[in-house]
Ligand code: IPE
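Next comes just one chain, in structure tokens: the form predicted on its own.
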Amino acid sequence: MDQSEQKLPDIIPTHVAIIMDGNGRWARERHLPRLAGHRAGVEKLRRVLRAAVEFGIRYLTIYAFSTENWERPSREVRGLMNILEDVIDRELAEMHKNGVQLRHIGRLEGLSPELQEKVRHAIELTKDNKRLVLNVAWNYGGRDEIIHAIQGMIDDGVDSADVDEDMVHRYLFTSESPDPDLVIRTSGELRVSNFLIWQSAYSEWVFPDTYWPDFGPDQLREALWDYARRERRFGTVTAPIA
């Protein structure tokens, strides 16, 4: 048995971000509607959340709905909204019990007033939990986030001479989270897809071929081993170049 299937590495990333890709293809290969793939993905998220807590990950960010996803068929968009509401209704109590702090990154515009209220209630209920911070990127886009940050700085009258990386970080949706150490994109696609494009500048990326509904604790553990084997240099070198 491979070591990644037996134990955890000594080095665990503080912040893991996941692009949960492949739900639609998973469903198509099984001759199921796309929403069946999204619902299967939610079931897998429950297991991955538990594993993240068990493995000692402190921050988990999931890409649930992008600003571009509004262009999908209206039936699929409505179905995704219903899934979000179902997840809050069914999973919030357990997440709260397990010490998960729920945060939203992105814009709540586009959700019904009732669903917006449910999201705000979930955030308020769990705000003091410390075991795991779960950032849900819903109606989120990396470029939109940067535009939002620039608008915020202009509105606050920030002098251009004061704009540096720390200042930009304070205006991002993720201002209360460290940058991700590891970003996982399932399904084997090799694209960033407008996800945390500022924050992931020096993240390690892994691209497992597994569709998201087939991604579970074992695959997460393998990704952690992949991360632990790497040497993070942040643009520097560890030894002189001959």
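In this text, residue numbers run from 1 along the sequence as written. In this text the structure is predicted, and so the values were computed from the model without any measurement.
Keep in mind that the form predicted in complex with the named molecule is missing from the display, and what follows is about it.
*Candidate spot I19, F65 and S193, all three in 4.5 Å heavy atom range of the named molecule in the predicted bound form?*
Yes, the whole trio is in contact, each within 4.5 Å by some heavy atom.
*asked:* Within 4.5 Å, heavy atoms only, one stretch in 127 to 135, 147 to 155, 70 to 78, 102 to 110 touches the named molecule in the predicted bound form. Which?
replied: Selected range: 70 to 78.
_Just checking whether R221 would be counted as a contact of the named molecule in the predicted bound form - the rule being heavy atoms within 4.5 angstroms._
Output for R221 is no: heavy atoms all beyond 4.5 Å of the named molecule.
*Just to confirm, P9 within 4.5 Å of the named molecule in the predicted bound form by heavy atoms?*
Outside the cut-off, so no.
_So, R58 and the named molecule: in the predicted bound form, are they within 4.5 Å at any heavy atom pair?_
R58: no, not in contact with the named molecule in the predicted bound form.
*So, in the predicted bound form, is R34 in contact with the named molecule at a 4.5 angstroms heavy atom limit?*
Yes, R34 lies within 4.5 Å of the named molecule in the predicted bound form.
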